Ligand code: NAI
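First, one chain by itself: the form predicted on its own, in structure tokens.
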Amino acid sequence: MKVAVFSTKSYDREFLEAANNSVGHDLQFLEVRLSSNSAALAKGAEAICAFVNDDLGNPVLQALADLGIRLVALRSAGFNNVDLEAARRLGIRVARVPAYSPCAVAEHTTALILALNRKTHRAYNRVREGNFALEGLLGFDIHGKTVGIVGTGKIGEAFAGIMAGFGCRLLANDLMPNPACETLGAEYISRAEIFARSDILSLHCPLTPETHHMIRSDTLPQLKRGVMLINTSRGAVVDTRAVIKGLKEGIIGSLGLDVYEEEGDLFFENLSDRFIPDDVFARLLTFPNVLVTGHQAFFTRVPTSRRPPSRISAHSPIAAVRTTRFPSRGWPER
């Protein structure tokens, strides 16, 4: 099968070619992002492979269907960038990677928490300048803190296990309780209650109409004052302007993001030699208690000795794909 692979980086080529060795598809790697303007590049292919910031709305899907595309394989678990109704109407099957680096994302979430708490990123820069003063670096013991987990699929479950190991009290919120999290001691409560009780609030839910701007101006007062907020799910789960307001008012004590609502114009590219015109993103970076990474939580190499047969890499839709349905559970994995 000829597959047009959009938004290709060097690591995409490396892992997809490795996954394809035993399959033999004809992979056409394209650096350009999928959009209405670039869809024509899939001409001659039978399927396309897309990433999180590729546009798979109705106009693009229609253009792909006109080219004879009948399969969209996502290099992600989330599918909020896909118009599923249009895909169904056009007869295009949509496949995704359901277990998308759950341990890697959970570990990165923990790294954000530790860095924000102990301010290791700031301490690193100080020491390199010969400044060994401890003022401004005071943290807190994570042991005994209450950690709220919104979304307890595979990633939320992995994160719950890590936090249980730290000796934290676990609160959870999901449409369907995860027995593994309950075994770890997680207490399932309402969204409002988990906002009110969490010292650390970590978001692991997908972007759906129900979770869009879950953290916004009218929900800020529900948060426990000084909460550490972590988002490694999808950028639009939080309203960035509202979060900035929460930071300014001290409602949000610290913020860790691996995703950003308008990341499509920023992330996965080297923009170090140019001006970034996003004023909201620039404002975020002015806060000393904010740490942003560029959607890298998934980005790990799986050792060969630990690699399941169905998983060539955390980034491969070739070896492990699953047809997307309208989930009865409501919240698929990241």
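All residue numbers are counted from 1 along the displayed sequence. In this text, all values refer to a predicted model and were calculated from it rather than measured experimentally.
Beyond what is shown, the protein has a form predicted in complex with this ligand; the following relates to that form.
Only one of 161, 264, 78, 253 lies close to this ligand in the predicted complex, with a heavy atom inside 4.5 Å, and it is 78. This ligand in the predicted complex is approached by residue 232, whose closest heavy atom lies within 4.5 angstroms of it. Taking the partner from the other structure, this ligand in the predicted complex has no heavy atom within 4.5 Å of any heavy atom of residue 119. At least one heavy atom of residue 152 is located within 4.5 Å of this ligand in the predicted complex. In the predicted complex, at least one heavy atom of residue 205 sits within 4.5 Å of this ligand. Here the chain stands by itself, but in the predicted complex one stretch of 58 to 66, 36 to 44, 23 to 31, 291 to 299, 291 to 299, has heavy atoms within 4.5 Å of this ligand. For the stretch 88 to 106, the set of residues having any non-hydrogen atom within 4.5 angstroms of this ligand in the predicted complex comprises 96, 98, 100, 105, in sequence order.
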